[in-house]
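Here are two versions of the same chain, shown separately as structure tokens and labelled structure 1 and structure 2.
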Structure 1
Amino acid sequence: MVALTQDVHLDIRGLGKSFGATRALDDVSVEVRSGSVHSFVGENGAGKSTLGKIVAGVFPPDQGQLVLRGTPVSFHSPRAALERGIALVAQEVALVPQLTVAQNVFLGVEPQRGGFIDRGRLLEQTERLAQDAGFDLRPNALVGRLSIAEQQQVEILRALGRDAELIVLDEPSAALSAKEVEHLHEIVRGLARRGHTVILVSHFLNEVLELADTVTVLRDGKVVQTNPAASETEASLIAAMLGRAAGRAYPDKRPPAPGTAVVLSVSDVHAPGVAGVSLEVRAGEIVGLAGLVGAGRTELARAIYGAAPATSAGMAAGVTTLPGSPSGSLRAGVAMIPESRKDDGLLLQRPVRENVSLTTLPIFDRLGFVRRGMEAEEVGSALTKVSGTPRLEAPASALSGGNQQKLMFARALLAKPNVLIADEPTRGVDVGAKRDLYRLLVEIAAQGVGVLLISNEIEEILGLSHRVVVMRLGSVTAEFEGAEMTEENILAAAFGTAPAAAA
């Protein structure tokens, strides 16, 4: 742990920031000490990412001051912050996929010889940086062919190549597998050991407690507390974030009645990444689909929904054969919440109203025109069911991650489905929003909807599911129910280290 006598690397004094009528930060003051890992935590919309981006020059503050090693500074761009030794590694990497690792690392500051880029020195410097950081990256590898974890490493190398002393990591593990997260943690510890200061913005509290020396909790744009991480627990951080005790993480399960009708049945599905999968989901049942990253879960979900080409011995929702398209699936009573709300789900610059009604516009059609009054009424009703009350004409981009995810649930409910496929429905949302989404999933199932739930969090699968199906290498390897639903059994099946149960 960092010693309290260390120098203050960055003194944040009275920062304020508004986006329109939304007050994102209100008189925020924090000291970040040199060579430490300092974490900002809070619910979505609490201001933690905004604070990190102000430090890195993405946003200018409306008021207040940053003092860097005793000198007041003002950044109007990330480049200006980088020139003073501060770099941002964002959740969504900003690299040029067509360029190599070396070209991305030194983009704009390439070593020169005679007015031309010295490619030998470029590769040599990148190789040296990667070795010093402990990264297994080939300088000539195309960035577009790397995994998200490897692309994050390229971002970190780019920061180190520009002599960054303070690195802001904004939700770095949100899209990583368990093994990649473990490697990321080693990287963060290594950065601190070598004297770099790290600001970690994360909604994974176990990650925060494992890595951070100091934790600052924000709520509604204000600092609630700053304490040594060693004095905190997940429960104490949640209480500070919410302003109350968290209560139960998962609502009580409501098992479907015996003999309940099957609402989704797929047999011998073949698709890219899927090799002959069969499964059933009954009305009112939540079936968890578990497995390692790359096991084929998302590919199966997309194949069932018609978003990817597939062949099957039989695909049915109730008695209706599923057509091979999302629109046909919606007509058949199958709705889907995709893995990435930003890439596949929302039109972020369009209003909330349009995002919720996007897949059900035909029900509002009259002579080729949308009946706006009916649309607004139905959208408002769907939003009320998911406990979301944003302004209908506000852009989706203005909402927090948790409220954006609730738009996806409202859209699904508007379709009145018999089957809901939920692929990573709580990814990138805070602990409070997770509890809201857990409640929604249980309530949706209690209304007779069959739910196919995909999650990388085994605890989430166990906390919500009535039955768990495990995939490995594109196939179903095991199925667990009742007392057999344990973390050990699921992991063993996912890694292929246990005999398959009856599937």
Structure 2
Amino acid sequence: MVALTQDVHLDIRGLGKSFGATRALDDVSVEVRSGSVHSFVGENGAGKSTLGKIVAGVFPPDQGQLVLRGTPVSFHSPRAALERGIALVAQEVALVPQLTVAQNVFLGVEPQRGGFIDRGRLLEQTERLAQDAGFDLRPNALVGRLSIAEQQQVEILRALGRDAELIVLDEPSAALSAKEVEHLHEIVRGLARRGHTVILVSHFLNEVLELADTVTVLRDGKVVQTNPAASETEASLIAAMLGRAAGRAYPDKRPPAPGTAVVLSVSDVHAPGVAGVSLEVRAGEIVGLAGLVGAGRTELARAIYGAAPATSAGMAAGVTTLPGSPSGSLRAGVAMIPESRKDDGLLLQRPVRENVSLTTLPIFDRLGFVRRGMEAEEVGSALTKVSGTPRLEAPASALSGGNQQKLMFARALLAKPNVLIADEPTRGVDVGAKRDLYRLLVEIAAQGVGVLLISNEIEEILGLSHRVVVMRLGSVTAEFEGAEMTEENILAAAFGTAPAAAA
């Protein structure tokens, strides 16, 4: 079929972009058709976010041209792109924490009355947007108090509230739970039905195949192929992304022998959002912690790790009380890969090396001096294990989203813990690297580390865990092992629709 020019919403012609020696985009040409959902997939660092940012006016390309409905355009700011109907929901949430949900959603485009912001209408419009989207957000809530998932929802409402014709969604579902992902999919379908165009960047290939009309695969900044989604499969996309077929997703499970020592045991933990949780993890055991967003999983993780105030009736692991602080945790052999790399310790302006060794610097200390050679070596080896970048001296801000996530993983490894609390450890990581990380988690456990794994991907929980604990409304509501460990059982317990299962 011959494409008519007017069908093309955005014609991306020969875009090039370099960051220093890194060629992030190289001669990228793609036609994005009006009213279509056009997906971009590729490994971490392939150039997806860079492309999205250029389209949305965050920065200009070095080479090439954007042609919007037949007219060449060059945007000097996101505002300029917005004026031409293009909005970006960025991979990293960029909201003002001190403002409310409503203020963030309509920042800069607030409904006015007599020269003043019309607060009533602001709240009302936000409420309506949230309702339409199926998000349970209070317009008056302070954004700084919201969970990552909720902040992501605010980002999405921001784009919707601006009524853009072309919306770039850069990994919008990475922080959402199954139910919210469903809502998001409805939103995307609804947008396309109403004639909007959606550019969707996602590492969830099932999501891509379900939603997209067209899929472009990027590798090393170049277009590998652009095809109708109907002619692709997960395997074909992975092969194009990696330049090879991928191995099995989940390695064999190696559960600990019965009677293996307990390395983490907390009882009756109380913390904000956590109402009396008790659980145990044995050496070598991977325990999945499942539940909906807001069920208290992250709060529990932070409470155990000492990142949030908490009380517990007891805790074993050679430790008799909660460590009370992250540094206390490290001394007690408890490491955490946090849910939010941005809020929990990623120093964007500091080099990769420092970001990885930050919490374990004492290891490299001799008489007050950091042994740099040893530090670089250990950091380099931890990064290799997580298939991360070996660019030790680059600032973390120069890494793609998925590669930043790998830094947090490497940091936890470096601490050589007995207990690893991993809160969404593979968020934003590409399929190939995910498999590497799964193998690594299983290996770490096999060496005797007890792993508490939090994930919104039930498949990931099922694929890796020896046992699954389900939380709902701050409490443990069910625990599954062996044949009982099924998606149905977990979901039912997470939603509270299960026949009362023993905890």
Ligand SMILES: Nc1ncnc2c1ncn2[C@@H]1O[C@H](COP(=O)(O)OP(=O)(O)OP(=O)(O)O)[C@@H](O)[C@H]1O
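Just so we're clear, the structure is a prediction, and the values are computed from it rather than from any experiment. Residue numbering: structure 1 sequence, from 1. Only the largest set of C-alpha atoms that superpose within 1.5 Å between the two forms is called the rigid core.
Between the two copies of this chain, it is structure 2 that is the form predicted together with the ligand. For Q152, a C-alpha deviation of 2 angstroms or more is recorded between structures 1 and 2 after rigid-core alignment. Fitting the two forms on the rigid core leaves the C-alpha of P139 displaced by at least 2 angstroms between structures 1 and 2. Taking the rigid core as fixed, one finds a CA shift for R69 of 2 Å or more between structures 1 and 2. Taking the core as the reference frame, the CA atom of A130 shifts 8.9 angstrom between structures 1 and 2.
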